[in-house]
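For reference, the chain that follows is the form predicted on its own, supplied as C-alpha cells.
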C-alpha cells in the first residue's frame, strides 16, 4: 500500500516543525505539503530543511487550496479562523482533516460540522495518549462521586498561548460534566475575581496559569471535606501531541465522512 500523503498547515510554527519531524519519522506516511501565511519568511523553503531534516523537494506554500487538494490528510494546529477555512477546503477535496486547534467559536464550529458531512474529521483538544486516558478517568471518577465533591480544573501553559482555559482543560471539564450527567455550560465557572460569593455546589471551576515555556500541565481536583483527589498529566515535549496527530492521520485512511475523536483512534471507547 502506498504511503499516506500528509501536509502540515502552519508548518513553520513550533508545533508545525514537530509535526513535520514526526511525519518523517513514522512509517507509512510522507511529508507531502506545508503551508504558511502570506508574507512568512518560511515561504519557498524546503519542508525538510525547515524541520532540520534532509530536503524533501517540496516547498512551503501560501496556497492552502492547492496543497489540500494534493494530499490525503492535513494536520492543523493553527488558529480558529484558519481552521474553519481549512475545513471548507478539506470538505471540497475530500481530504482528511486532523484538528488540534482550540478556541473555536460558533461560526468556526459550524464550518467543521459541515465538513464532517463530506470528509473524515478527527478532532482532539489534546492528541496525547496520556491526556486521553486522563479524560476517561475524569469521566469515571466524576460519575462515582456526588456533587458534595467540588471539581476544579487547573491548567498551566507557556506565556505565548492565546486562549484560556485551554482546550484540554475544557475537555476535562466536559468529561466531568458528562460523568455527572449535567450540562457543562450550566455548571462551568470559568473565572473568579473580586467578591464572588461562595462556591456553588455542583459547579465545575477552572483556574488558568501562564508562564515560561510550559508545554502543558493539567490537573483535575476532586475536593470534599477533609479529603481531596487529584489527577495530573504533565507534558514535557510537544512530540507527544505530534505523535498522536500522525497516528490519527494514519487511522483516517479509508474512513468515511464523520467526526471522530482520539478515543476512536486509540480505541479507548
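Residue numbers count along the first chain shown, from 1. Remember, predicted model here, so these are calculated numbers, not experimental data.
Keep in mind that the form predicted in complex with a small molecule is missing from the display, and what follows is about it.
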| item | value |
| --- | --- |
| The small molecule in the predicted complex: contacted by all of 154, 208 and 233, heavy atom 4.5 Å | no |
| Heavy atom of residue 173 within 4.5 Å of the small molecule in the predicted complex | no |
| Interface membership of residue 13, the small molecule in the predicted complex, 4.5 Å heavy atom rule | yes |
| Proximity of residue 111 to the small molecule in the predicted complex, heavy atoms at 4.5 Å | no |
| 4.5 Å heavy atom contact, residue 86 to the small molecule in the predicted complex | yes |
| Among the candidates 134, 82, 164, 187, the residue which, in the predicted complex, approaches the small molecule to within 4.5 Å (heavy atoms) | 82 |
| Contact assignment for the small molecule in the predicted complex, among 142, 120, 73, 127, heavy atom within 4.5 Å | 127 |
| Which of 156 to 164, 187 to 195, 87 to 95, 174 to 182 sits within 4.5 Å of the small molecule in the predicted complex, heavy atom basis | 156 to 164 |
